Structure formats: C-alpha cells, structure tokens
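In structure tokens, the next block holds one chain alone, the form predicted alone.
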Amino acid sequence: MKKKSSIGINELYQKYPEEADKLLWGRESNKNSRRGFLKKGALMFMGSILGGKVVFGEHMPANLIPAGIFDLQDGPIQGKHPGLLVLNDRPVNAETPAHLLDDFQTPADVLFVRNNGIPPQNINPQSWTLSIEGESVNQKKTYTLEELKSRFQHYSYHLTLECGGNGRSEFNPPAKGNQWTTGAVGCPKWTGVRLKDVLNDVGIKSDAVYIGYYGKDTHLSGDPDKVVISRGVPISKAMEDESLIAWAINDEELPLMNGNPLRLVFGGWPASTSGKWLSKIVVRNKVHDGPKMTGYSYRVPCKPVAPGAKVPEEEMCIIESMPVKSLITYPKSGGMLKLGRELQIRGKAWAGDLLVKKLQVSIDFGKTWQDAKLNPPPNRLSWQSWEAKVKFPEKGYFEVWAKATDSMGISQPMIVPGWNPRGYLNNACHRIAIRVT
C-alpha cells in the first residue's frame, strides 16, 4: 500500500475543487444550483471550523476556499520585510500580504519581488552604463548613470506594477509557475528620466515599432551568454510621459531585488515589461522577440477557451494593459468585531491604463453591494485608495468582498475569470474574513 502524501488546502482546491469541498466540509456542492453553492449541512460544519455561523453562506459559491483559512507561508529576504511570502528561492520570488499594502505609497521593503534569474553582484553605480541601439535608431549611444541624471530632466510618478501572474493560485486546472495569491502588486513613487527623452536624444526612425530591454541578471544555468528575460512594449507605450528609466523608489535608491541601480517602469502593464538591472534598450522595427516575448510567455488566448484547452501559439495575444482590480488592505483577514460596531475598511484599486470609476463592497457574498468612497489618483497609472464602513446584522462568520469598476464600465468578476494556459490576469474580487462576536 502506497503511503499517501499530504498537500496544503490551496493545492487541494487547485487540483480537486469538488473533492476538496467533500473532504473538508463533508458534503458535495449542490449540483442543482446554477452557481454551485454549498448545501446547508456543509455550511454548518464550515461554521464550526471558522468559529461561527457563516452568515449569508447560502450565497457562497462552492469550490471556494473561505478567506479565513488560507494557509500561506512566509520567510525572510535580505532587505525586505519579514512578512513577505516567499514562493521560490531560485530565483527569489515573494509576494506581499494585502494588509502590508495599506500605505498609499508602497514602502520599498514590502514591494513584491519577481525574478527570472540571479541578480547581479558587486554593482558599481559609477561605472554602470545604458546603451540605446537597434534597427530603428539613428545612432547608437551609451550613457553613464551620472549622464542620465545630469543631462535629462527628472520626473517622479506613483506607478502601479503588477505581475501578470498575480492570482495564478486560484486557476483551475492549475497553471504552472509561481503560485501568486494577491500580493504581486505595489505602487511606490518612482523617480528617473522619461524614456521618450532619451529615445529622442538618440533619434528614432519612423519605422520604430517596439522597444526591448536587456538586464544584467544571470541565467539560472550560470551561462553568462544566456539571456534571462528580454521583454518590451510598443513604441507608443515607450513614448508616454509616465514611462520611466528609474533609479529611485520613494526618494531612495532602488533595492537590489527591485533592480538597483537602474530599471524601466511601465505603469499599468505587466511588471515583466519593466526590466530590472537595465543595461541596454533596443528600438525595433518589429515586435520584440527576446526571451519571454514569444510562445506562451505573458500571452493569453486571443479568444475565450475552455478550461484546460490546448491553444495554438498563433492564437495567443501579448498582454498589454492590466485588468481592473482591487485589494482590501485594512483590516487584516481573520479579524474579530463585536456585534453592533461598524467596521472601517480601506483598500486600493487600479485598472491598467484606465481609471477606476467605482468601488463597491459586499458582506453577503455579492448578493448586494454598497458604494465605497473612492479617491482620485495623484497621477495617471497610479492606484487609487478607497474606504468604506460596514455593519453586520448578526453574530457569525462574514466575508467582506471588494469590487472595482473601470472607466469603460468593466467590473471585476466575483470569482476567477476565463482560464488561460499560464494563469495570467486573474482579477477576481479580493475578500477577507471577519468574525462578529
């Protein structure tokens, strides 16, 4: 008889969602229900585990892990907050728990870490250079870091960076890659020079289509000639005012894990376009074809597909502007509140290249929604803060859900959106657990 291996609740729900409900709560989901809600008996047992009746539980979709029992693990990274959740150590990747993102300006030590290779060692800012070349430049130029700082005007913007795979852990069938939950996002203040000013100084040709970047990180194989990642953006995005070559975050130098001493920042687009340890930019007369620009990397099906479907490469489209999304950053999930007291809620919302126009919260699993106060951003491509107050009708277990709507009228889905092979662009509603006593 083979010995059974144990797995965590997240993996159990990823691989066997219906079996997870049956194993954990003792009942199968109601297959006659259009949304697959849990039966009454299962909800009663769930309440005993969560410490109270699951109020409005009849509206809770089945095959969904209660927010009160996520099993996340954490660990330390040099120069980073000890509360970051480490997903991988080679290369280092770590996300930020939502409650650590309550500051409007994301502190450098809590900004998530997404690496594809090994960061460079023994960095010397005095000798660091950036070259601009490619088929569509009038002349190749190389700048020292000091020349960039002295020759071009400095700009600072709050820019939202989010990993394209943020939320991957919720997809079913599971997608390979770092199993991000909600914390591969942040919005610090970035300072540097506008990419378009540097490109104009070099001179770009009329046939310019795309830019690509190259960094100084090392491939996991150790091969110094093997490029780790080389992505980019269309020339129209590169020429936006907010597209920066940055050397500072929140008025301090970049942390090593976030690209010190120089990086690109393209707010609102997948963070993989914002190359770190920047040493070269190429201006192309075609869509850039560096590592992780082709095949299935950072691409989704151009049209909706069935979960688990095999999609031909030619039917995959490059991810550009990120979808509308929000987080509840206060209080921390799992809090307790006395019956009769109002709960103050805060959070952040963002929508790629667009604005967020509305933020709503729900305490009854989306049956009803109330509007929150939504604040305007300080600049384009920044996230927006929001706040609300809710009051609970009785004692028991509740979940508070947040839903943002962008300036085109598109709202977050309540649960995981359309499946894709690499688990990108999950913008399902964020939720926290609250126990009312």
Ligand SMILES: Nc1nc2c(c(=O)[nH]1)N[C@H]1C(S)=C(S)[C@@H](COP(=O)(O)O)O[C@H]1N2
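Sequential numbering from 1, following the sequence displayed. Note that the coordinates shown come from a computational prediction; the quantities given were computed from them, not determined experimentally.
We do not show the form predicted in complex with the named molecule, though everything after this point is about it.
J.: Partner absent here, but in the predicted bound form, which of 276-284, 99-107, 326-334, 363-371 has residues with a heavy atom within 4.5 Å of the named molecule?
T.: So the stretch in question is 276-284.
J.: Please state whether all three residues C163, D217 and A271 have a non-hydrogen atom within 4.5 angstroms of the named molecule in the predicted bound form.
T.: Result yes, every residue of the spot touches the named molecule.
J.: What is the one choice in M316, L148, A248, V113 with a heavy atom within 4.5 Å of the named molecule in the predicted bound form?
T.: Spelling it out, the residue with a heavy atom inside the cut-off is V113.
J.: Taking 4.5 Å between heavy atoms as the contact cutoff, choose which of A208, L84, I229, A238 touches the named molecule in the predicted bound form.
T.: For this set of options, the contacting one is I229.
J.: Report yes if any heavy atom of P261 sits within 4.5 Å of a heavy atom of the named molecule in the predicted bound form; otherwise report no.
T.: Judged by the heavy-atom cut-off of 4.5 Å, P261 is well away from the named molecule in the predicted bound form.
J.: Does the named molecule get within 4.5 angstroms of any non-hydrogen atom of V198 in the predicted bound form?
T.: V198 lies outside the contact set for the named molecule.
J.: Taking heavy atoms only, is G117 within 4.5 angstroms of the named molecule in the predicted bound form?
T.: It does: once the named molecule is placed as it appears in the predicted bound form, G117 has a heavy atom within 4.5 Å of it.
J.: So in the predicted bound form, does M257 come within 4.5 Å of the named molecule, heavy atom to heavy atom?
T.: Close contact exists here: in the predicted bound form, M257 approaches the named molecule to within 4.5 Å, heavy atoms only.
J.: Give, in sequence order, every residue of 195-214 that has a heavy atom within 4.5 Å of the named molecule in the predicted bound form, or say none if there are no such residues.
T.: Just Y213.
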